[in-house]
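As a starting point, one isolated chain is supplied in structure tokens, in the form predicted alone.
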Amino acid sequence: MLAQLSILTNQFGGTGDIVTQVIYGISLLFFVVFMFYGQRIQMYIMIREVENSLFKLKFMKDEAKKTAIETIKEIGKPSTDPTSRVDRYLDYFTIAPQSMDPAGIVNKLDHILDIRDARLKEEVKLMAPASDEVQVYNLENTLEAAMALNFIYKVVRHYYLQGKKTLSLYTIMQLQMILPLVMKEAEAYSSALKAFALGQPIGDGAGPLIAAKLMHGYEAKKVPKDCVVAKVPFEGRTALILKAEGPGGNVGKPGEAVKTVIEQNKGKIAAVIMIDAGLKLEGELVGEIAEGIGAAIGGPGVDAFKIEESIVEYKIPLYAVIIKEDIGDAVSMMRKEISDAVDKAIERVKTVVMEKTKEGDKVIIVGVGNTIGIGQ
């Protein structure tokens, strides 16, 4: 009996040694493979992830182009297929003015942007001859969203192909690391297409919506450029309410408008209050209100420069109120949280006016943003 147990023990012990040796050999093989080919394996995994994102971007880009063409055909009633003109439109670019000598660069940039704006509107009118002024603005916004998606796709494809061709780990790695943010922005533009095509208010219209509510029922006069102003009694003061002219997809030129209104009143303005959508940080709630100092306006900086120049000349205080939202909220259909925040923002503006000005003063209140779907 003892002899039989000894034989069995030896047999099992031998099997255990073999298994251990096999596991050790496999582990050693994996170690050698990863030591010499680990980076390449990691790169192929990252390339695969980038390929998946690139496929999604191509789908969004193609859908955006399709939506733009269908909207042009439906609204503009073109006599010929607008596809070739849309393709040309999507590849338009704007070259910034030379900045080696910065003197006068704001005026040069302003001129370039005016030319760009006029050219793109002319192109839209040629593509959609039956469209009215409001529809031209909305179609331009639709095509701008499609243009942004086309550009994002081409840039991501460029670095993907370059990294794949050169087998550069760091090119692919950098691209893979920023892709979540790129995809978030692309998805925001993709969701914006429907709002632009249908002419519905977007999150960025929070400022114009506040201005529209304040000027409702009062006469609105046009001021340069593409803006309107209304004189409204406001908490014992006179408020000059400014916004882009709606309801077409238009941001106007608030800088020029504020400058004009200040000059019309010979600089006798107690305060300028700007209201705009502001980018929220992660963890903050959509629709939160914040108050600050300065020109609350995005873009290339031309309008902010003109506003700052005007207030410095006449020593006018400049205040800002923002409604916080994400980039996706800003360009997609206006969420209920943003709409609900409008009344809270108006109360905050009232507080600023009462605390910082006296009864009988004149104040300028500017609703900054895209006024698509929002009239006067």
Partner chain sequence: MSNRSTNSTTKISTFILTIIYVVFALSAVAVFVAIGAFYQGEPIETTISLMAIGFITMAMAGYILFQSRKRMASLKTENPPVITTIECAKCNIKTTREFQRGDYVFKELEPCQKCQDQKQMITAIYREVKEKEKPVTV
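Positions refer to the first chain, counted from 1. As the structure is a prediction and not an experimental result, all values here were calculated from the model.
The form predicted in complex with the partner chain is left out here; the points below concern that form.
Enquirer: For the chain seen here without its partner, which of 199-207, 262-270, 300-308, 103-111 has a heavy atom within 4.5 Å of the partner chain in the model of the complex?
Expert: The contacting stretch is 199-207.
Enquirer: Using 4.5 Å between non-hydrogen atoms, is Glu74 touching the partner chain in the model of the complex?
Expert: Heavy-atom contact with the partner chain at 4.5 Å: present for Glu74.
Enquirer: Can Arg348 be called a contact residue for the partner chain in the model of the complex at 4.5 Å between heavy atoms?
Expert: Arg348 lies outside the contact set for the partner chain.
Enquirer: Just checking whether Met333 would be counted as a contact of the partner chain in the model of the complex - the rule being heavy atoms within 4.5 angstroms.
Expert: Although the partner chain is absent here, Met333 would touch it in the model of the complex, with heavy atoms inside 4.5 Å.
Enquirer: So in the model of the complex, does any heavy atom of Lys65 sit within 4.5 Å of the partner chain?
Expert: It does: once the partner chain is placed as it appears in the model of the complex, Lys65 has a heavy atom within 4.5 Å of it.
Enquirer: Within 4.5 Å of the partner chain in the model of the complex, heavy atoms considered, which of Lys231, Lys213, Lys121, Lys164?
Expert: That would be Lys213.
Enquirer: Going through 41-67 from first to last, which residues have a non-hydrogen atom within 4.5 Å of the partner chain in the model of the complex?
Expert: In sequence order, Arg48, Asn52, Phe55, Lys56, Lys58, Phe59, Asp62, Glu63, Lys65, Lys66 come within 4.5 Å of the partner.
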